[in-house]
Ligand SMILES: NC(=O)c1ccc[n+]([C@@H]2O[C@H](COP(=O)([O-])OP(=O)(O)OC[C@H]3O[C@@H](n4cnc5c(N)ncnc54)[C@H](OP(=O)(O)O)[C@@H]3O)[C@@H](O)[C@H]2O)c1
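In the form predicted alone, a lone chain appears below as structure tokens.
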Amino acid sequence: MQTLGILGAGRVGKAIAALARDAGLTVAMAGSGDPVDEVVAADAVVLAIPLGKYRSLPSERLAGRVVVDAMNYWWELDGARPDLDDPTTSTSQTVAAFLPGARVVKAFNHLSGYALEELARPAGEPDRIAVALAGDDAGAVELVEGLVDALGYDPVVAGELAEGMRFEPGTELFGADADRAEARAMLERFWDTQRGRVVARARGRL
């Protein structure tokens, strides 16, 4: 990967942009109302806008692109949204359905702004923390694994895009500065949590 596009110029978008530049990537960023030509032409595009605005994304121009979903559902900001609070699906699956042809990978959403700004570390450092990923396209997941590593974190693949539910807000991993082993353990424990049981029941796993 040589270029990274970022849609969203808030704290998360700016932090990822700074990490990417430090890693030697060429970065294009667009905030609300900015032109997106350079952003959508990048090797991968990070979505760092409020999730409730996902329908404003240029869906046709993201077809075929590797799209990194770093968004989260916050009812305080997004309002009550049954489409984003459905336990039978993950929010990234909802985004992917709106972006036909895009190769969506969920990543970076569970890190705090502080972790993105201050906790990146070189590979092999003992206090390096993990970033969970989920996606249906193996090639896209592999590309984003490389991006996560280049930006200073250990990638942990949770599975297909549906498994992104396991590191959404309200889960144990969300907001935790966990290393690779801890992150894997938290993902595995998800189904034993209250949220996990709700999701399992809704998906017919109980």
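Residue indices: 1-based, along the sequence shown. The structure presented is a predicted model; accordingly, all values stated were derived computationally and were not measured.
Beyond what is shown, the protein has a form predicted in complex with the ligand; the following relates to that form.
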| property | result |
| --- | --- |
| Heavy atom within 4.5 Å of the ligand in the model of the complex - residue from 148, 158, 48, 62 | 48 |
| 66, 165, 70, 178 - the one with a heavy atom within 4.5 Å of the ligand in the model of the complex | 70 |
| Segment assignment from 179-187, 20-28, 193-201, 7-15: heavy atom within 4.5 Å of the ligand in the model of the complex | 7-15 |
| is_contact(residue 111, the ligand) in the model of the complex, heavy atom dist at most 4.5 Å | yes |
